[in-house]
Every structure is written in C-alpha cells, then in structure tokens.
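A single chain comes next, written as structure tokens; it is the form predicted alone.
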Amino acid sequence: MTLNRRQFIGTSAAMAAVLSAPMVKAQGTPRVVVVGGGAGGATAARYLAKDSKGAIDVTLIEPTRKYYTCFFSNLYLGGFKEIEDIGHTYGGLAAGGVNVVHDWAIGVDRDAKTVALAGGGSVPYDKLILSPGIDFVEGAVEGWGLSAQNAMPHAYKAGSQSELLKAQLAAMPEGGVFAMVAPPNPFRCPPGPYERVSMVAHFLKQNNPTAKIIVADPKPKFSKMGLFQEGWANHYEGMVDWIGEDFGGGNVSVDPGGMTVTIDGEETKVDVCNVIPAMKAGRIAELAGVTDGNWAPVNAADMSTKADADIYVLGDASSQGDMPKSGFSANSQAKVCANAVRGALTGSKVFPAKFSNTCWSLIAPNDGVKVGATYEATPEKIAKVDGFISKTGESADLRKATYEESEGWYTGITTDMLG
C-alpha cells in the first residue's frame, strides 16, 4: 500500500463530501468541546466545524499556541528537519469556524456537562471529545521523574524537550555514550524509540563517529525489529547495543545526578540518557473519570467511552483494540468520531466505522520502512482486517520511495488536521 499527499487529501475530501449530507438542526445550537489539539483533537474539531456548516458550535481547548508534531520529531533529532518544520499554529482552525481557546482543561463535571479551565470559568458541552495524548506512569523507571526531565529528557512530547535532547547530543564528548530506556507496551509511536535510535545513530555517525548507543528495553521484541536491526548493521555497524528483556533490559534504574544507568545490576556512566517511561492517558481523561486507571476504554463504532456515552476519547489516550497509538490512527479515529457526533447532534447520516493506519520510520538517508493495516469496528474492539510491512533486503529505490511517501503524508495530514 502506498499513500502520497494528493491521495491522502483526496481521500479526506471525498469523505468530507460524503459527510455533507442534509442535516436536521437541533433545538438551539449544540455544543461540542474538544480537549487537545493534536492529530485526533484538531482533526475532530476541524471536521465537525467544516461539515456541520455552523449547525454545531465547536470549541477546541489547547494550552499551547504552537503544536509540534511527534511524528517527524525524530527526523529533527537526526538533522533531516529543523524545529520550525514540525511546528504548526491553530490559525487555520480558527479561520474554519473553530473557537480555539488556549488554556488548560483541569476538570470535567459530567453531571453539569462543563469543562473547567485553569484560567477560570468553564465551557459547557453537549458532547465532549478528549484527545489529550499521553502522560507518564509515576515511578515507572526507578530514579526518574518529571523533575529529572532536563537531565534525562523523554522528548516524547515534541517541542522544547526535542530541542533539549538534540542540544545534549550535540554536546556529547568524542566517543561518548548515549543511553535510551525504552518503554513497555503500549506506547505512543511516533516518535518511535527505534526510529529515534536510528536518527541518533545517524547524527552521531556524522558528528561523533566513535560514540556508542545503549538501549535498555523491557520487551523481548519490537515492531519492525528485523528491519531496524538490518538497518543498524548496514549503516551503523558496531554503534548500537540493544539489550532486551532476556538480558536484563527491563531491570533498569537511573541516577540523573550522577548520569548513570544501571542495567541488571551493572552500572554504566553515560553522557546523554533518553528515558521513555511507561505511559497512560493524558490527565484530563482520568479527571473525567473515563479511564481504567491507565487508558480510556471506548466503543469501536464511534470512540465513545464505556463510562459516559457523551464523552469520546481519541488517539493515544484510548483503549480501543488493535490500532497502534500513532498520529495516523488518531486522525483516522477522529473522522469516524466527528461523523458519529455530528449525526447524534444534527440527525445527519452516520456511516459504518472504517479505520486505517500507516507508520513510517527513517533508518538512514533515503532508507524508509513502513508498517500499516486497515481496521473495522466490532462489538468488542477496533479489529485489524489486514496489514502490510516492509521487507528486509528491499532495493534502495523502494526504500527511497517509502521515505518520499512519508514526506507526502506529513504534508497531507497536517493540512487535514489544521486546515
């Protein structure tokens, strides 16, 4: 399966045309509040405003004025992108009829149907869509907490953390050691840990070729493992030491003050340490009372939560079944959700839920790989229908085409999200 920018936008335009069926306007103007302006929330807000043609009042609550995509943030670390290349504003959404409120959502009153804001006051809703991304499980990595994120960045919320990690890479001494503590499943991807290893290796090969990379991983295997290991051997021979579960990769502690990593009892002094802890749904989902402790279980047909039919959870924060926690997934889920919400509020036609995902990874210049699938809604979950994955030993021309495809997708999805 291939996907370029024109196909991506064309698919979105076709869906928009289908969703523009005649609407039955409800008593008054129904209100939808969307919390979180990433791939899920921004897409849902834009499609609701665009397709309802003013029949729904759409408010997006997002604290940051500039959104940095997690997808392609690894390419910034590798030197393939500038930070400005992955930063986007919300002006297009505002121009498209979305009321963009830059504030923190700090609580949800499900009885009163209001969202409380850090700046004071609250916003009422008829339907609430939460797309808050991820937060980290406290204590997941011994010795590490958010107070240590400057010494040992996670760089799993793109922006300042990405800039910090890149600055630390650039300041590494000659022949220094970069360590990564990889996360357990499930985790947000992108920015995938193993694409990040590849991009760090590329940067070091260009700037610090005698440096070493250590990866402590609590998992026995990971997605596209054969492709990455082939790529590391081809492009970065002897640089990457991956330590999986079988060799103590899950028995890890760190000392941010002393800049050490201890793996299965063996302490190593490091120069840069990227700690990626276990994850859970963004805090507002927990405050809304729609999580199981870590993630928010949802109904596959419309992404509504199991706890409250008027609250929907998209993307990374949701527990939905077989889809990965990717930007492509969140964008796909948002379109299904927007169609369902618009139908519930205006009487417009609701179409059967269909989902898709592709995850691209760059291993080295023009060496791109991918994995993806299509999905359908079942009573139990979002279920995988079929899938595809790059193969080891592919030609250089095919790998280059795969990378170029990812570039087209990036332009397409950011346009689709933000207008």
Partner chain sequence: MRLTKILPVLALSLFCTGAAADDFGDPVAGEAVFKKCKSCHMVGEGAKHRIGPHLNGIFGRQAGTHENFRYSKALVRAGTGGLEWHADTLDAFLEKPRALASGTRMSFSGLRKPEDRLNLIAYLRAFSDDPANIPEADPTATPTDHDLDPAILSLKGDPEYGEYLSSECTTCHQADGADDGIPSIVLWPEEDFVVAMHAYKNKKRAHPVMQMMAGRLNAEEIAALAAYFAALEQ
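Numbering follows the first chain given and starts at 1. Just so it is clear, the structure is predicted and the values come from calculations on it, not from any experiment.
The next section is about a form of this same protein that is not shown, the form predicted together with the partner chain.
For the spot marked by 185, 198 and 228, is every residue within 4.5 Å of the partner chain in the model of the complex through some heavy atom? No, the whole trio is out of contact, none within 4.5 Å by any heavy atom.
Looking at 326, 74, 339, 320, which is the one with a non-hydrogen atom within 4.5 Å of the partner chain in the model of the complex? None of the others qualify; the residue that does is 339.
So the partner chain isn't shown here. In the model of the complex, which residue out of 378, 374, 64, 366 has a non-hydrogen atom within 4.5 Å of it? Residue within 4.5 Å of the partner: 374.
Interface segment, criterion being heavy atoms within 4.5 Å of the partner chain in the model of the complex, picked from 106-114, 152-160, 343-351, 228-236: Comparing against the partner chain in the model of the complex, the contact stretch is 343-351.
Contact test in the model of the complex: residue 69 vs the partner chain, heavy atoms, 4.5 Å: No.
So in the model of the complex, does any heavy atom of residue 274 sit within 4.5 Å of the partner chain? Outside the cut-off, so no.
If you check in the model of the complex, is residue 29 within 4.5 Å of the partner chain, heavy atoms only? Although the partner chain is absent here, residue 29 would stay clear of it in the model of the complex, with no heavy atoms inside 4.5 Å.
Non-hydrogen atom contact residue 51 with the partner chain in the model of the complex at 4.5 angstroms: Close contact exists here: in the model of the complex, residue 51 approaches the partner chain to within 4.5 Å, heavy atoms only.
Enumerate the residues of 351-372 that have a non-hydrogen atom within 4.5 Å of the partner chain in the model of the complex, in sequence order, or give none. Contacts from 351-372: 351, 352, 353, 354, 355, 356, 357, 358, 360, 370, 372.
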